[in-house]
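Listed next as structure tokens is one chain, alone, in the form predicted on its own.
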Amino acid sequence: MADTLIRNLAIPLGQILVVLGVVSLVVTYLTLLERKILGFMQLRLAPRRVGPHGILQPIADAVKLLIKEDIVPDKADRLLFTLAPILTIIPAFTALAVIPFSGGGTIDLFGYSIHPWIADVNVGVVFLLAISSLGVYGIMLGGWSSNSKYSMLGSLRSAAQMVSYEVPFGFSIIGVMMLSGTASMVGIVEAQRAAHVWYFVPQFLGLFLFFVSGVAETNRLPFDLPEAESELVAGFHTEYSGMKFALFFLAEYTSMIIIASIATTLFLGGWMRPFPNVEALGWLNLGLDWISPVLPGVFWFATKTFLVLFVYLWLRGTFPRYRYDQLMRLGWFWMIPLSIANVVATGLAVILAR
């Protein structure tokens, strides 16, 4: 009985707490990294006053948000106004459950073997598509319940943007599932090992469509029209402050990490090092496999995810914001037809290769 409780309750609960703690810490310092990179690209000083080189700035920002007065507008719907940020953060955290952070072994702790992922389900990709679509409901509720024209316009923009880019987002993944023959996140990484190629090579167009759609779904520049400071003040979260605003902020950056993790898993070989089937390149694991077979996978997964996140930050410092009609035209005239063409071409290639 005790053994069953440990395997089915204590270990998954511990995995969830570790993942949420690590991701929250990464989000905290991702904000500092973003400000540093943008400061470097725009030839100005980034945060430097709180701690050595500003390293404690994220802690100061978090404390400020926690102790800041929580203001609710007089005519706002208080229940939905409070519920909206919670509805946004829950899907973002839930999506982490099926992300394989490493592979090649297990962590042995007190006689129990622990996998470096919370769950490996055979419909992992479908689960991610479903759960990632729910966050927009929190944004819509937040905009509507605020009783503000700026918030309402921001939420409407977010809904239209989600509808326009959800289709190419889903189609861009289908090509990977056709090549791997599975919807399991772990299975897709293993399929890339068996095929001796990362799927960004045969699915370069799919990776491009997936990433552009992911940037649009997370409301990041150049597709941050639901916030658009110069037009809508701050869009759907104009009336939010304190902890509720922090939850929207946490959800946005967690969603960025989710998109980067999915791109790493589906297109960049997941936890595998470059050329994983070539034994002579084992030195690329930097000797970490001598400590634990899981550590090299964690290192390579984190490295690839960071590179994808860097592209996110680079886009913000490089591209101007699209106009709304340009955003819609890109989605319906280019992204959707290209994603359908990618699925058809991949299907033909799979049939001809058999």
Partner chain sequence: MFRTEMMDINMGPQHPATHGVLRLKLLLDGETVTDTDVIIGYLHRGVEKLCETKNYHMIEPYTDRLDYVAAMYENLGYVETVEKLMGVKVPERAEYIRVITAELQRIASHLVWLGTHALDIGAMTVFFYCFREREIILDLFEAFCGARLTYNAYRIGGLPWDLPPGWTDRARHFVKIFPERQKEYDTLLTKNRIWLGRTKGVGILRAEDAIDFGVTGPCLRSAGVDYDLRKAHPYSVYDRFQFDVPVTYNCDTYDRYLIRMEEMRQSTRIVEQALDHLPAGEVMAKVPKRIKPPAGEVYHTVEGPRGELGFYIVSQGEDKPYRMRFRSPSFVNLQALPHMIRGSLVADVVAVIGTLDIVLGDVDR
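Small disclaimer: the values here were computed from a predicted structure and weren't measured. Positions refer to the first chain, counted from 1.
One more form of this protein exists, namely the form predicted in complex with its partner chain; it is left out here, but the text below deals with it.
Enquirer: Classify residue 321 as contacting or not contacting its partner chain in the predicted complex by the rule of any non-hydrogen atom within 4.5 angstroms, answering yes or no.
Expert: Within the cut-off, so yes.
Enquirer: Report whether the minimum heavy atom distance between residue 245 and its partner chain in the predicted complex is within 4.5 Å.
Expert: Because no heavy atom of residue 245 falls inside 4.5 Å of its partner chain in the predicted complex, the answer is no.
Enquirer: Quick one: is residue 50 in contact with its partner chain in the predicted complex, heavy atoms, 4.5 Å cut-off?
Expert: No - in the predicted complex, heavy atoms of residue 50 and its partner chain never come within 4.5 Å of each other.
Enquirer: Is the gap between residue 44 and its partner chain in the predicted complex 4.5 Å or less for some heavy atom pair?
Expert: Yes.
Enquirer: Any chance 157, 233 and 326 all have a heavy atom within 4.5 Å of its partner chain in the predicted complex?
Expert: Every residue of the spot touches its partner chain in the predicted complex.
Enquirer: Any idea which of 210-218, 73-81, 148-156, 178-186 reaches within 4.5 Å of its partner chain in the predicted complex, heavy atoms considered?
Expert: Heavy-atom contact with the partner occurs in 148-156.
Enquirer: Please pick, from 105, 202, 282, 222, the one residue with any non-hydrogen atom lying within 4.5 angstroms of its partner chain in the predicted complex.
Expert: The option sitting close enough to the partner is 222.
Enquirer: Only counting heavy atoms and a 4.5 Å limit, does any residue of 299-318 reach its partner chain in the predicted complex, and if so which ones?
Expert: Those in contact are 316, 317, 318.
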